[in-house]
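In the form predicted alone, a lone chain appears below as structure tokens.
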């Protein structure tokens, strides 16, 4: 009969490993969320010429811990007409897919939970499961504001999954694998995928901002319109789980995906000699992208729902489809080199950056013309 480490039964050892892994990942998410909340407060304070948290603890370091304790200590309040079972289950349905995503993230050569050959497909599937929890949260609250907020957030997430997945498919075409480890190992040199398919990186970055409900796509937090979206009836740690933990956990996940697919993952100086250094390089790249997310939040205003959906279906999806088609054709025509793909992607990226403001100005001119026509019609009618 086979015996596992420490003389334990293999099944018992597997269960122990699973429990330890789950505890470590949950601790990582909790601590990273607290760190990211503090980092975002300080980053936005610097950008907006403010001080940020500084009362609780040295430099305000304990402020996020105080906020977490406040949420944990709050009474679990539920409205009388909520669907209790689904109302309680919704936070878990939102949090669990994000938690499961950490299984395939390659932090370093010796630190990969599971190297499966469809790791990227696994992550894309988990990313789409959060919609279920959001819709259930809105419906189970038995509140019209929550229901409308849940449906709007679901529409946003489902819509922006399309260009996000198309961007991932473009990267998969170039690399030729769905394994997160093999994708990382294919970028050992200084020329990573961000130099070969930069447009796919830009479109996935925009989609990731929308899928994580970050500004300018943070419709659930549009207080003037929806009070708090699908979170209206939630309080205490349930609210903290659905908003703080899940949002910042998803930010880490999508930044890890971008790091792996476009920035070389754990690769960096010294990793070949000391593989554990991969954790340092991976973390630095992830946090560099997280700072970009925070920079965007401190800079751009929130979009309206019509602007958000129009941008996705009329601009972002056609651009990603065009990029995917051009990349596929060039890979077939030039199977031995990626230079034509890189040249075409940079041309498309420049065109996208230049034409986007032009299209926006054209749309604004049409809106102003329609507004003038309505004003003139109203004046004649009066």
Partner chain sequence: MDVLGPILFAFLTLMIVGGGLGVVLAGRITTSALLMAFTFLNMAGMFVLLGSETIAAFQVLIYVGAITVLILYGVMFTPQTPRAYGLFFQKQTPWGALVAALAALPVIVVAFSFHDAASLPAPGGDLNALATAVFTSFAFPFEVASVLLLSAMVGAIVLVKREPASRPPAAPPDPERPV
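If you superpose the two forms and keep the largest set of C-alpha atoms that fall within 1.5 Å, you have the rigid core. Positions refer to the first chain, counted from 1. Computed from a prediction, not measured in an experiment: that's the story for all the values here.
The same protein also exists as the form predicted in complex with the partner chain; that form is not shown, yet it is the one meant from here on.
Assess the spot marked by 13, 94 and 228: is the partner chain within 4.5 Å of a heavy atom from every one of these residues in the predicted complex? Judged in the predicted complex, none of 13, 94 and 228 sits within 4.5 Å of the partner chain.
Spell out, yes or no, whether the shortest heavy atom distance between residue 311 and the partner chain in the predicted complex is within 4.5 Å. Because no heavy atom of residue 311 falls inside 4.5 Å of the partner chain in the predicted complex, the answer is no.
Applying a 4.5 Å heavy atom distance criterion, does residue 372 contact the partner chain in the predicted complex? Yes.
Applying a 4.5 Å heavy atom distance criterion, does residue 381 contact the partner chain in the predicted complex? It does not: once the partner chain is placed as it appears in the predicted complex, residue 381 has no heavy atom within 4.5 Å of it.
Any non-hydrogen atom of residue 107 within 4.5 angstroms of the partner chain in the predicted complex: Residue 107: no contact with the partner chain in the predicted complex.
Candidate from 191, 158, 88, 277 lying within 4.5 Å of the partner chain in the predicted complex - any heavy atom: Result of the distance check: 158.
Report the residue, out of 271, 258, 135, 303, that has at least one non-hydrogen atom within 4.5 angstroms of the partner chain in the predicted complex. After the contact test, the surviving option is 135.
Partner-facing stretch of 282 to 290, 124 to 132, 246 to 254, 195 to 203, counted where any non-hydrogen atom is within 4.5 angstroms of the partner chain in the predicted complex: Going through the listed ranges, the match is 124 to 132.
Residue 367 C-alpha moves between the shown form and the other one by 2 Å or more, core aligned: After core superposition, the C-alpha of residue 367 moves 2 Å or more between the shown form and the other one.
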